[in-house]
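A single chain, nothing else alongside it, follows as structure tokens in the form predicted alone.
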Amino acid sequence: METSFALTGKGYVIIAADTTAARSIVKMKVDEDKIKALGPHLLMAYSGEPGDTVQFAEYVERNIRLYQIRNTYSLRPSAAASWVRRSLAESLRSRHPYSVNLLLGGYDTASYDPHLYWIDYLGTISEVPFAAHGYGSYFALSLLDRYHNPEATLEEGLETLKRCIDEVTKRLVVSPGKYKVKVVDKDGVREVEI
């Protein structure tokens, strides 16, 4: 029952993901970090098949780092999202496709804008102001649609995210216990408590 949320605000992107690692009806781990920092201003939340998610996230992380080493500068969020989408689309046409859904958020240090991308396992990509994956998305998207404000401060954005988490906890039959929340802005990537 994986759940991940993300939203943008005035100069930031917040990404939250549950910390449960489960298979079928068995909960195996409750402290899994499903948000990977891909660069100094780039975050990616992943969900899907357990083996695929970790392998694909590490593949993306290593290749974006390799790009930075070769070119002495980081990929901008839009370029990173396009590369990730292409990688998923190519794997879809191979014998071993990745079953991974992603939320990729970053802060563009050139244009001083936050960007959030919703990417699914079929290689579909969309730049969005807010997004969700997993069973929690059935409850969170309506709240995000109602309460999201693109000019909101970080505190207001965290309050909107807290509403989503509370709603999922209240309404979802098998709700995740804890969430890890990370923010990316002009100062870089950091974890916050909610």
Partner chain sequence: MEAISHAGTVLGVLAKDGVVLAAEKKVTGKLLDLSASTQGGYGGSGEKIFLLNTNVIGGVAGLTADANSLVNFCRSAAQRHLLTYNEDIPVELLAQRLCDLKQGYTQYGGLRPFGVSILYAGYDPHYEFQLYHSDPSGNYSGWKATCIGANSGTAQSLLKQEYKDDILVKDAIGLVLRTMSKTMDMEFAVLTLDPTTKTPKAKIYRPHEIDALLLSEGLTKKDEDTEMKSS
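Note that this is a predicted model, so its numbers are computed, not measured. Residue numbers count along the first chain shown, from 1.
Note that the form predicted together with the partner chain isn't included here; everything after this is about it.
From the list 137-145, 65-73, 161-169, 40-48, the contact stretch for the partner chain in the predicted complex under a 4.5 Å heavy atom rule is 65-73. Taking the partner from the other structure, the partner chain in the predicted complex has no heavy atom within 4.5 Å of any heavy atom of Thr124. Looking at Ser91, you'd find every heavy atom of it more than 4.5 angstroms from the partner chain in the predicted complex. In the predicted complex, at least one heavy atom of Ser78 sits within 4.5 Å of the partner chain. Shown here without the partner chain, the chain has Ser82, Trp83, Arg86 in 82-101 lying with a heavy atom within 4.5 Å of that partner in the predicted complex.
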